[in-house]
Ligand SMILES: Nc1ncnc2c1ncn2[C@@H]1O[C@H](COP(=O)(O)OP(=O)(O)OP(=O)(O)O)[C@@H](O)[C@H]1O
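Let's start with one chain on its own, the form predicted on its own, as structure tokens.
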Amino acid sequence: MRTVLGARLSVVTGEFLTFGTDEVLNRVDGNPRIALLGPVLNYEETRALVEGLSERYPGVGLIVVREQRSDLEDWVDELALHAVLSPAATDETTMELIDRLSAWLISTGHAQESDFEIQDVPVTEFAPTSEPDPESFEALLLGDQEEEEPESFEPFEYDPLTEAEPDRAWAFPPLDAGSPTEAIAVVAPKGGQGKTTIAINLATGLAEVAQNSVVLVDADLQFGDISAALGLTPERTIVDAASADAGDELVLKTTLTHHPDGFFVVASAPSPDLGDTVDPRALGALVERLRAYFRYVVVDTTPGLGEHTLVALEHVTDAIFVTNMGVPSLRALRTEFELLSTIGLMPANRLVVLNQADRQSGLSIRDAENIIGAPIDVEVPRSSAVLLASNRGVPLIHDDVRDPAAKAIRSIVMRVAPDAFPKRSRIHRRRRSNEPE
């Protein structure tokens, strides 16, 4: 952008969003006439900047820089955007778009020719919007889109609620006598399949309908990273939770770490050496103890079928198997299925998730099913929003609710708990640790 626009470009980097929208707006120079947003902003961040810049700089032209994904049409419909630009657009395409938008702003009285002279007001990258008439500028908007099948649930917005300090005098929510409890193991034949992402978001979604009655167990004893992905600093870990002393309810409580979204975490061992001290049978006993207190127990397992994973599968009611579009991963999952069937450990309730699905991989969904030898239940598309949410320390389904991957993961939650239909009052976005009060 600096090469294309030179002195006309003013940049506000995304790091300032950590401190809120006002901090970004306060760093916008002059009176920008065109602003570019993206490409890594989520919907809520984009909306906040759109509203803030529209108020401060009436008539500013807005270009959102974003991949052409299935949710992009929602953005165009619901935000006051002038144009959409691909992150991979050539310099010529970028300049043509900016020139055409400049000419339109001048013709409609939103800007003057002098606004676009180099010595005057710059174009601001990472800034936002106006009150455009999309139809009068339709040549700049997205081309015709194919009609998509309706989603299983309508898109929604959530309120970023202020994070409250957890009540340290909490108690396990009482379970009615005879109430069913479910334990779900999230399993993958190899590392890097997105197993932990699925486990974190499953626990988050279940907590919306079972507040403080969901526990997420990081049973990847070698390199579990749930605490890091959620921005938690646990005082106790699974080494403590699986010990004989934790058979007492009061002691077990001290081994759990509370997450602001209404669920608890049993953190992984702080080192592989300590992880090796956890006996597989102790892990199974821990799952059973947790089922006595929690409506849902989600177990993120070690990749493959080691002894700890096999024991976890013995003590769960459901299993979610995660793989990606790679042939080695698909074949490994088939081998895993064959072994579990042979030894009688295949859970009765099984869900197969094809993660990081990409139509450019050279394989179709049917190809993947033929390799696995089983149908795929949920397809989660590849999305940059997954990594962004992890880096923010926020579960994806609360960070970018309109993202296609978030919607697919939400469908996994609803398969486990059909009443986990998203409602604004249930969604609690966790404030990042360095956000101001």
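Worth saying up front: this structure is predicted, and the values here are computed from it rather than measured. Residues carry their position along the shown sequence, with the first being 1.
What follows is about the form predicted in complex with the ligand, which we do not show.
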query: The ligand contact at S102 in the predicted bound form, heavy atom, 4.5 Å; finding: no
query: Any non-hydrogen atom of S54 within 4.5 angstroms of the ligand in the predicted bound form; finding: no
query: Contact label in the predicted bound form: P381 to the ligand, heavy atom within 4.5 Å; finding: yes
query: Heavy atom of A374 within 4.5 Å of the ligand in the predicted bound form; finding: no
query: Option touching the ligand, based on a heavy atom within 4.5 Å in the predicted bound form, out of V60, V394, I63, V386; finding: V386
query: Sole residue of P87, G247, G192, P272 within 4.5 Å of the ligand in the predicted bound form, by heavy atom; finding: G192
query: Residue stretch of 195-203, 330-338, 283-291, 311-319 approaching the ligand in the predicted bound form, non-hydrogen atom distance within 4.5 Å; finding: 195-203
